[in-house]
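In the form predicted alone, a lone chain appears below as C-alpha cells.
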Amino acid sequence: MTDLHEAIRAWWDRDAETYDDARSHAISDPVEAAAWRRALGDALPEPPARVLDVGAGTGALSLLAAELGHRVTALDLSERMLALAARKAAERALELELVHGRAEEPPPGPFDAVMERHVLWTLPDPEGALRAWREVTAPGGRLVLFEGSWGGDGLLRRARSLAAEGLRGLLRVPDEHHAPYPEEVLPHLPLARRSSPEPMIEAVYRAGWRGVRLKRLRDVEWAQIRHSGPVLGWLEHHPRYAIVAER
C-alpha cells in the first residue's frame, strides 16, 4: 500500500508542473469561477464556516471558498501542488491553512464542512476516507463532494475521446494532465472510470453520512463548454454534480 500511495503522490507532484494550464483546473475563467462561487454558496454552510478542502491541489476551490468568507484548510498529498496554492493565496491576499498529507488522514478539526473536487476516484479506499472525514466533522456538519461521471466504454464514448484528442492536436490545446494516469494504479481505485454517481452515493451512506442530496452543476458545465468552444466542449463534456450529506 505504501508503494501505491507513493506512485500516486509522485504522479500528482509531476502534474503540478502543468496542472493550472487547464483553465478548469485553475478555474481561471471568470465565468466558470462565478459558477463555482454559486455552487459553493449553495452547498457549504453559511460563512464563516471552518472548511476542509481535501485534495485541494493548487487551491482553486479553497481560494474561492476563502473569498466567500470561510476559514479554509487545504489538504493535499502533493507538496508541489500546495506550494502553488500558497503562492496564489499570497497574490490574492487570502488566508489558507495548508496541510501536507493523505486524504485518508485529515487534520483533527472539527470542521463545519469537508469538501473535495474530483478526488474520491483517486483513492484506494474511498469509503475509509469518507469515514475519516466524518470523524473530523462537527455534529451537524456537512460533506460536499464535487464530482463527475468520467467513465463509459461504449463505442460512442471512445469515438468522442478520439475525436477530442484529434481536435486538441489540431487546435494546439494542451492536454489537461502531463501524462495518462498510471495503468498499474487504476485497478486499485474502486471509483475510477465510473459512469454514474450511484457507487459514490452508496459509499457515502456506508461511511455513516445521512440525508444525501444530488444536484447537477449545469452552470459549471455550461461555463466549461463556453471556454472550450462548442465542438471540443461537446466532445469532452461530462456530467458534473454536487453530492451533499450531513453528519
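Note that residue numbering begins at 1 and tracks the sequence as displayed. This structure is a prediction, so every number in the text was calculated from the model and none was measured.
From this point on, the text means the form predicted together with a small molecule, which you will not see here.
Student: Does D112 reach the small molecule in the model of the complex if we count a contact as any heavy atom within 4.5 Å?
Tutor: Flag for D112 set to no.
Student: With the partner left out of view, is E104 within 4.5 angstroms of the small molecule in the model of the complex by any non-hydrogen atom?
Tutor: Yes - in the model of the complex, heavy atoms of E104 and the small molecule come within 4.5 Å of each other.
Student: With the partner left out here, check for me: in the model of the complex, does some heavy atom of L123 sit within 4.5 Å of the small molecule?
Tutor: L123 belongs to the contact set for the small molecule.
Student: Could you tell me if M81 has a non-hydrogen atom within 4.5 Å of the small molecule in the model of the complex?
Tutor: Heavy-atom contact with the small molecule at 4.5 Å: present for M81.
Student: Verify the flagged residues R134, R142 and Y205 against the small molecule in the model of the complex: is each one within 4.5 Å by a non-hydrogen atom?
Tutor: No, none of the three is in contact.
Student: For the chain seen here without its partner, which of 66 to 74, 51 to 59, 214 to 222, 38 to 46 has a heavy atom within 4.5 Å of the small molecule in the model of the complex?
Tutor: Heavy atoms within 4.5 Å of the small molecule in the model of the complex occur in 51 to 59.
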